[in-house]
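First, one chain by itself: the form predicted alone, in structure tokens.
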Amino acid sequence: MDYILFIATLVAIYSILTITMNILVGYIGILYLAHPAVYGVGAYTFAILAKGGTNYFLALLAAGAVATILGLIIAMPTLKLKSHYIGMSTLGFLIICHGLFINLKGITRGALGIPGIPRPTIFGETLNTNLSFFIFTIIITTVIGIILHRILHSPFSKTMEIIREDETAAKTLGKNIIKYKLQAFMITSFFGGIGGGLLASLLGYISPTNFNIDELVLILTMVIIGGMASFWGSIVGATIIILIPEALKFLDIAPALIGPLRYGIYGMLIILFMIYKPNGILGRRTNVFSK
């Protein structure tokens, strides 16, 4: 039962991370590949503050705030670029941040990572059990999900979709494209940073390997399979991709082969979906990678 609750909690957290990435990749059409760096900064911020005795909820908000600052740092030079050059630049930011996670040993402990990340304490009770933390996470992710759902079904979302389809038309309508893109980066980064904090709290330990290119493949696969510009598709994609490696554990496969096989499956799924179902399972548009 504890195992099932842990996986369910992981699905809830990755659903938020996938929805937030989908805002930029799906809704506004930016080839954004730096998301693991952004929620990684959120996770490290949370871990350092929470271990230092900062209130759990303040640490989560700080994780979102610091991630937002990084998101803006990434956005400002990136938005001057077009098409796949945006992807190359944001991938570069991911590589830079991953290198910093390894080399800033005085802050991140480098490859050793940060252990002993606490779980929340509410009314004097620490939520150490998987059941209590699952309920807590579901409440937090539901609140975040409702906020994001309202944003993605608002006039703001419609404007993002206009910008995605035709920036010239958006300019003709008097829309400030840079402002909308910056706002999209801020929303993605803030809630992604909180998701990173929740992930750190669930795992109890983080290291640079949690936020590298492998993690990018994972989160990108969730977005593509679930569907571009789809709130519910992001949740479906996160659920499927989290469950795949868990299913592999029940097969008669050498443990050393599970990791390579998992990423082989992810790669195959991306190729098949981009060829035969580029909109994903619940997506509403052709994905940005086909541009």
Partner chain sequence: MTNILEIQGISKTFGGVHAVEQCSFSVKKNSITGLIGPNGAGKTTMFNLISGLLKSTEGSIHFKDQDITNFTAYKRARRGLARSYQAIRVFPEMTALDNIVVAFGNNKEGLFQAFTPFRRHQRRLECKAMKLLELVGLEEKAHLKAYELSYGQKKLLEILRAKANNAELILLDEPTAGINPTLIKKITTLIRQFQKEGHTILIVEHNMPFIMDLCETIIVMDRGHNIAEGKPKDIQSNKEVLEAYLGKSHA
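These numbers were taken from a predicted model, which means no experiment stands behind them. Residue numbers count along the first chain shown, from 1.
FYI, the form predicted together with its partner chain isn't displayed, but the following is about it.
Enquirer: To test your reading of this chain, name the stretch in 112-120, 197-205, 155-163, 132-140 whose heavy atoms come within 4.5 Å of its partner chain in the model of the complex.
Expert: Careful reading of the contacts points to 155-163.
Enquirer: Consider I107 of the chain shown here, and say whether it contacts its partner chain in the model of the complex, taking contact as heavy atoms within 4.5 Å.
Expert: It does not: once its partner chain is placed as it appears in the model of the complex, I107 has no heavy atom within 4.5 Å of it.
Enquirer: Find out whether any non-hydrogen atom of L72 is located within 4.5 angstroms of its partner chain in the model of the complex, and reply yes or no.
Expert: So L72 does not count as contacting its partner chain.
Enquirer: Do N128 and its partner chain share at least one heavy atom pair within 4.5 Å in the model of the complex?
Expert: Heavy-atom contact with its partner chain at 4.5 Å: absent for N128.
Enquirer: Heavy atom to heavy atom, is N210 within 4.5 Å of its partner chain in the model of the complex?
Expert: No, N210 is distant from the partner.
Enquirer: Would you say all of S15, K51 and L61 touch its partner chain in the model of the complex, counting a heavy atom within 4.5 Å as a touch?
Expert: Negative, none of the three is within 4.5 Å.
Enquirer: Mind listing which residues of 172-204 have a heavy atom within 4.5 Å of its partner chain in the model of the complex?
Expert: Read in sequence order, the residues that approach its partner chain (within 4.5 Å, in the model of the complex) are T172, L173, G174, K175, N176, Y180, Q183, I187.
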